Structures are given as C-alpha cells and as structure tokens.
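What follows is a single chain, given as structure tokens, in the form predicted on its own.
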Amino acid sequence: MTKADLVDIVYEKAGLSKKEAQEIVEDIFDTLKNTLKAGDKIKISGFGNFVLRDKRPRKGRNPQTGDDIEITARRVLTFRPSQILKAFINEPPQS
C-alpha cells in the first residue's frame, strides 16, 4: 500500500475531494513524523506503538576486511503491534 492508495481510500470513504483527502493524509504523516522527531512515542489504540530508541555508539567489525570500526550513535524506530492487530492478522481468511 502506498500513500496514494491511502489518499484514494480517504477520498472514497469520506466523500472529500482528492485534494482534501491528500491534505489530510499529508497532515497525518507530518504529525506522526514531527512527534517521533521530538522523541515522543505514538500509541494508536487497537493498532500498535511506534517507539523511538536511542542507540549508543559501539564497536563493530567490517566483515570484508576484519577491521574494527566505530558504529555511530543513532535513533532507531520500532513498531510493536497491539494484541488486537496480532489477533486480526492471525485470523484464518474468510471465504
């Protein structure tokens, strides 16, 4: 699924113009990105949690040369699905 697919779904279900649907989807994604960049987590009830973790710098090894390298500190985004989403995904398909 792409962002364009989401715009089409909002357009069809909400009865908005394509431009309005696109603005809504863009606003949602901008809000999610800004919230994560600020270091806050996002909890969507019935769907899951997006959590940003800080990883410290660490030593690593270049697998091709065997040289020691420094892996820089970074932020890592993780997603943990809710129990409701896990149960929904694991339901047998209805025919």
Partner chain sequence: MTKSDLVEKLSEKVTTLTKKECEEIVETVFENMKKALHKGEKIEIRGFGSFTVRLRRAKEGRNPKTGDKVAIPEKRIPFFKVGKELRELVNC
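Numbering follows the first chain given and starts at 1. All figures in this text were calculated on a predicted structure; none of them were measured in a lab.
Just so it is clear, the following notes concern the form predicted together with the partner chain, a form of the same protein that is not shown.
Enquirer: Taking heavy atoms only, is G46 within 4.5 angstroms of the partner chain in the model of the complex?
Expert: Judged by the heavy-atom cut-off of 4.5 Å, G46 is in contact with the partner chain in the model of the complex.
Enquirer: Do I42 and the partner chain come within 4.5 Å of each other in the model of the complex, heavy atoms counted?
Expert: So I42 counts as contacting the partner chain.
Enquirer: Taking the shortest heavy atom distance, is I71 within 4.5 Å of the partner chain in the model of the complex?
Expert: Looking in the model of the complex, residue contacts with the partner chain do not include I71, since no heavy atom lies within 4.5 Å.
Enquirer: Quick one: is K18 in contact with the partner chain in the model of the complex, heavy atoms, 4.5 Å cut-off?
Expert: Judged by the heavy-atom cut-off of 4.5 Å, K18 is well away from the partner chain in the model of the complex.
Enquirer: For the heavy atom contacts within 4.5 Å of the partner chain in the model of the complex, list the residues of 76 to 93 involved, in sequence order.
Expert: Read in sequence order, the residues that approach the partner chain (within 4.5 Å, in the model of the complex) are L77, F79, P81, I84, L85, K86, F88, I89, N90, E91, P92, P93.
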